[in-house]
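Next up: just one chain, as structure tokens, the form predicted alone.
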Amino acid sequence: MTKKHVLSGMRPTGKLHIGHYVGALENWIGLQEKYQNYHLIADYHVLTTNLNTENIYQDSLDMVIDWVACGIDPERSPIFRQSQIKEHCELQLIFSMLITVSRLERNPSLKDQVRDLDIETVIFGHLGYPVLQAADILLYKGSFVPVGEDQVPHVEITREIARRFNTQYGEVFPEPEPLLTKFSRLAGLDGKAKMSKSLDNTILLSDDPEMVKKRLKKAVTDPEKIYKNSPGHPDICLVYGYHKKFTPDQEEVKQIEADCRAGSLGCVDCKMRCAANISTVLAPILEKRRELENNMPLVKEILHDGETKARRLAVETMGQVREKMKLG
């Protein structure tokens, strides 16, 4: 049977952190077994909030290294840059005729970004971000899109656009469904926001064990646990949240919770145990990263091959679109 297609993507921001791993990469890796995956480096999307493209190519290569090191198999899951497939822009233009400005202005994800980034004036490209995203997904006939809950409104816009096109011109596109990530967000080390390199609250996938310890020492904990033997409240402790994800032995996690509540486990010891468990998860990723960093021609070849495969499908899809629209 032909596998259904899944489109996943990220903006190229350089080296990734464990929040990316938990919120996306783990899920993508598992989906390779069931679906035909396509992995998009969304370099055009960067322009919606940052016009500086000086480092965008190197950032893209760094992201490819992290994706492959974590377990994305480029042989069966093509990796490609959005900017290298011209059909993305062509399909976006067509889709922009199928949705109103008022509908885009109601997008809650846009409102959140404007608030979080303190944007005073929204540019046209930012307002139309979901239209380009719809083109990204539907160009590869994506039946499913792995997202966190905050991105579900974008998938709904994609479904609406697909439905509108199919009704107006004839059946070409599936109506994609969101695949919600089970562990969609990992709080940053400051405990106040999701992980972000701009906030300097991350642990990178490329961090060695000493750096993981150094970063985790800064992590906020239960503010009421002032002394080592003070009873703690693990349910509000950031580090305990990390333990639940990265400590593989659930009996150990339960014991950590009990010892914290009893005041027999201090925060420093708890952090160091957590750091060790995170580093155990990162060890094979670090080893694979070193191999790839020492073979940059291979990394560039992965990108070139992925773009060749993606372009082939994109051209085919746009041929169907033009035929249905009588634009051939």
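One rule holds for the numbers: they count along the sequence shown, beginning at 1. Small disclaimer: the values here were computed from a predicted structure and weren't measured.
There is another form of the same protein, the form predicted together with ligand TRP; it is not shown, and what comes next is about it.
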item	value
Site check 8, 145 and 151: each within 4.5 Å of ligand TRP in the predicted complex by heavy atom	yes
Residue contact check: residue 207 to ligand TRP in the predicted complex, 4.5 Å heavy atom	no
Close approach of residue 133 to ligand TRP in the predicted complex, 4.5 Å, heavy atom	yes
Contact flag, residue 271 vs ligand TRP in the predicted complex, heavy atom cut 4.5 Å	no
Residue contact check: residue 137 to ligand TRP in the predicted complex, 4.5 Å heavy atom	yes
Residue (of 31, 56, 286, 42) lying close to ligand TRP in the predicted complex, criterion heavy atoms within 4.5 Å	42
Answer option from 173, 129, 240, 95, heavy atom within 4.5 Å of ligand TRP in the predicted complex	129
Contact segment among 137 to 145, 199 to 207, 241 to 249, 217 to 225, judged by heavy atoms lying within 4.5 Å of ligand TRP in the predicted complex	137 to 145
Within 186 to 209, the residues that have a heavy atom no more than 4.5 Å from ligand TRP in the predicted complex	none
